[in-house]
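What follows is a single chain, given as structure tokens, in the form predicted on its own.
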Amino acid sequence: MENTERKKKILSCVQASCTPTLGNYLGAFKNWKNMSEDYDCCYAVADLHAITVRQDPKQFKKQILEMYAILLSIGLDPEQSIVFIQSHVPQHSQLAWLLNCYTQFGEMSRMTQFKDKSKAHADNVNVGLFTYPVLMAADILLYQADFVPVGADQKQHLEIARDIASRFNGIYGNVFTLPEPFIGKEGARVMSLQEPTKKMSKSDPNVKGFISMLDKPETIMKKMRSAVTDSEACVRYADGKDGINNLMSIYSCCTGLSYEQIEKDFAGKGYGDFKTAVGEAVVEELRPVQEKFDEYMKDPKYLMECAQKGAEIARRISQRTLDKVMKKIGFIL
């Protein structure tokens, strides 16, 4: 007998600000393809979120298309999942305004990311930066997402989305699904190659600290060779060995080998041999993604066709939620 049980919905968005890192790939993207087997998935390039920081228009346009190409390159199938560009679906902005009016000023002012980004961009503390979490809530709630994959730095945003949804449901009845954090197969938490106590970040001013998903093999090898280690010269996972622990985590994620096996394989070998092996494993891990990416970027017409189809489906789904919300508030439709 055919199983007609509804699949749970997952929404994942990625900013279009710059090329994602190896950390983004191993920590999240690598699992996204598998998620689409078991869930109804929506994947979006969050370009509206990117403009809280000033963007060069020509470069920004290029980044949006590249980010969309990366989503397809990691194996997301636009026939199986909804893969779209956020700004192609105006319902996101419209619901964000409505939800702004159901969000308290105090709630937004307590958001840690606003405080951090205000310090980082003191010359441009705009209202969009302040209300950023409401747009994120709109992204999630429009699709009645059951789950949202979030890292530790995004948990507060999911909590505020739940708070806003609960408040609205409390006034008008059961309108929004309350999203839960998605706890799937745990990806690697990849740290900076230069400061291994900090998470790998594409905004790191030291380019040696991160590997971009599109870095050339020779660049990857060079960055890996300059990775910070320690003076023990022994490949083992232990407290106080942050640099080696990080490299072992990356190597394990790329090869599937356990830490125990890695320690055996590199017993009596120096860090130079290990760094080379990790670099080669990363090159091989990213090679198929980079090859696909190059193919897609040679066919921007195909990319735009996929994006338009995805946006069409996303608009249809999100409009149902938006109509429901507007009717509840009392707008004439």
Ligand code: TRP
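What you see is a predicted model; the values in this text were computed from it and never measured. One-based numbering along the sequence shown.
Not pictured, yet referred to below: the form predicted in complex with this ligand.
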* Decide if the three candidate residues L11, Q15 and Y132 all line this ligand in the model of the complex, where lining means a heavy atom within 4.5 Å. => yes
* Interface stretch in the model of the complex with this ligand - options 169-177, 139-147, 93-101, 72-80, non-hydrogen atom within 4.5 Å -> 139-147
* **Candidate from N126, S226, Q154, S109 lying within 4.5 Å of this ligand in the model of the complex - any heavy atom** => Q154
* **Option touching this ligand, based on a heavy atom within 4.5 Å in the model of the complex, out of M35, A277, A46, V283** => A46
